[in-house]
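Provided below as structure tokens are two forms of one protein chain, presented individually as structure 1 and structure 2.
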Structure 1
């Protein structure tokens, strides 16, 4: 009971000081707005739906990119995981591409797709594909050899071998990679919107700053915090359960 109270000391006193000092005219810096103004701006944004629309835009692009990355990452990862020689041959190329920040491909994607969903989703997919790919390779490699032998003895066709044995066996660990990628997808999407793409939360954040709607800018920042917080919470909750029911504890 006492712990959360103590933890609230810093933010609450910070906000209180901020509000009081700006009301008393001690804080004249325009860029600081006031906590009460921020709440007001946030409420207005929620009521007229602009904040929710922007959130929706950002989330759908992030999800699209994530889905693309999942399909490519799991497919390529499974192949490379089952064929160690192929993995060793492609490995150095992967290692050479991985350190390039995904954001650096933004101008290239802009040339190819123009502004819009394609630009954003492709970069998100590029950023998200690496953790999924790497986790999938190691997950598939960690599958008990016996299981693959059983599949071979049963003479399952390749497709069934994948869907009935390989992917279910590797799913628990691939799931971890997917969760990492999900967190990355939101960050990358917002970043692209801030730098380049005129849609979604990131763009509205920059717009608010440039048009000096300072209260709105802070409100959107807090909103982003909440969004990330909820996403993290969801991911850590999901991680324990989904797809793992059959797993012995």
Structure 2
């Protein structure tokens, strides 16, 4: 039996038990909709385009913030990984900033960017940069020393040394940080939309809850689960095929 089929046993069994229990009257809570009603509400949201529009809005800010964090985290992490002295200088500042919750910057970001993409993307980027930065530093330090020696013997410029030697050798490990940050990007984006920013899946979740559309609310939660699964799958495939994308000398 293939892995996807094995992985579907638990959720399919759970949904089947949920549906049967709901129809038998064993589950009577108003906050628990039937899986069939959830599917129907999700299909209606897809058909009228509201669910897709909210998804695009959430993905826009989550992926923009993730991209900004990746650029900053990989660039700075590579430098700090190759220069231990620079890491010792910057380390205390990083450790002071890293524990601050990203959500705490919402009032400041709101004053700087107002409602919209800038507000959300800036907070997502702040939350995502730390796992990417820390993993990149560790990945660069773990590079085989002989690769750096070869680059030095060939007298490669710094940018070629980075793109042809350092990043290809470290990318598989860096991708772990990207996958962690991708999950964080969705969590933070939806949280901001629920709390402050009137757009995206988080905002539509609140609207569904306030209008007592329980099936639609659950459908959006399931959709978020699928969205996170697909994003993680894409990044895992990217890391698995990194040898095809990045070619050393």
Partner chain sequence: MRRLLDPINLAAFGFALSLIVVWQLLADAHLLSPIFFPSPLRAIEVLQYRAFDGSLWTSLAWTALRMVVGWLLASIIGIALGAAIGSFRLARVLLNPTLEFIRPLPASAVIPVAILFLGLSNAMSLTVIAFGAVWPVLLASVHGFSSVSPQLADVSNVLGLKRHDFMRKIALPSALPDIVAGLRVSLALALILTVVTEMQSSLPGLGWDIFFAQRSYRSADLYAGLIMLAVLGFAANHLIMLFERRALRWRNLGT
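Numbering follows the first chain given and starts at 1. Note that the rigid core is defined as the largest set of C-alphas that superpose within 1.5 Å between two forms. Just so you know, these numbers come straight off a predicted model, no measurement behind them.
(message) Quick check: structure 1 or structure 2 for the form predicted alone?
(response) Looking at both copies of the chain, structure 2 is the one that matches the description.
(request) With both forms fitted on the core, give yes or no for whether the Cα of residue 38 moves by 2 angstroms or more between structures 1 and 2. (result) Comparing the forms between structures 1 and 2, which are aligned on their rigid core, residue 38 does shift its C-alpha by 2 Å or more.
(request) Give the C-alpha shift of residue 229 between structures 1 and 2, in Å, after superposing the two forms on their rigid core. (result) Here residue 229 registers a C-alpha shift of 4.4 Å.
(message) Give the rigid core superposed Cα shift of residue 15 between structures 1 and 2, in Å, rounded to one decimal.
(response) So the C-alpha of residue 15 has moved 8.5 Å between structures 1 and 2.
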